[in-house]
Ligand code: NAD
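Just one chain follows, in the form predicted alone, and it is written as structure tokens.
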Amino acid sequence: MIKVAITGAAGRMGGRIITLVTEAAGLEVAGAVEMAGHAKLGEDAGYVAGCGNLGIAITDSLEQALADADVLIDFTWPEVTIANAAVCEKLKKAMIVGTTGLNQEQRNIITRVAESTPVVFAPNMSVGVNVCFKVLKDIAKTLGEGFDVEIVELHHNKKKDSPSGTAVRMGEIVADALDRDYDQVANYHREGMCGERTKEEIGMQTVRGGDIVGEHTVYFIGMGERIELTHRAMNRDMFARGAVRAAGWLGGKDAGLYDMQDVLGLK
């Protein structure tokens, strides 16, 4: 039995993860965390999530939540995730990071933590999105240099980071497949007399509005034809389901940095 602790336990995502863990074979909720001062501290995590009492009180102490846990599932904010990673590193607890918007320095910290404990870190926990990652590499390699690449992503009006981590990862995959440096070819802004599109650039455009859960389209545009690969998220359950699947896979793994491609056996 793999014992799981969950951050943001009183939130929508945390509640869904708690519920899905209780429904998954071989997994058990062992801890639940919320921010200091939260109104739900001390309440039963299962009751708050709507899946029945579990005998696990929500706490603001990550160390307490991890005392009997094997792995932490973390969907929070970059700064909180980094602080939580330090605790997992100290306690040698496995970690699943579903937080988006981490900068390069923060990513480097996650990589360092993974030297001493197993970590699954993915910009998107969705099974479908990760299949798209795999397909994108094959499409880009096959099409080669004859197609312009543009990426458009849509999210709700509350999303704070732009472009999404998923869109960036899609760009990185395409750039790598075409032997380009993503940081050099990504184009986030076009306005005015900006000149013709270069052959190497990868356009990155964002749309924000309403309650869009998430939509990503990669356009491969050639002369007289184009390919569009689109993934649409219908609800947030897909992220929670992917994280729970990762928790089941991560149990007993050696220290190291893994992603959903590892979890799904796509590498």
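One rule holds for the numbers: they count along the sequence shown, beginning at 1. These numbers come from a predicted model, not from an experiment.
Omitted from view is the form predicted in complex with the named molecule, to which the following refers.
Residue heavy atoms within 4.5 Å of the named molecule in the model of the complex occur in exactly one stretch of 192-200, 138-146, 112-120, 98-106, and that stretch is 98-106. Annotated contacts: L27, K92 and W249 are all free of the named molecule in the model of the complex [non-hydrogen atom within 4.5 angstroms]. For the chain shown alone, H38 is a contact residue for the named molecule in the model of the complex, at least one non-hydrogen atom being within 4.5 angstroms. In the model of the complex, none of the heavy atoms of D70 sits within 4.5 Å of a heavy atom of the named molecule. The named molecule is not drawn, but in the model of the complex it has a heavy atom within 4.5 Å of V33. When the named molecule is considered in the model of the complex, D161 lines it closely, a heavy atom lying within 4.5 Å. Contacts to the named molecule in the model of the complex (heavy atom within 4.5 Å) from stretch 76-93: T76, W77, V80.
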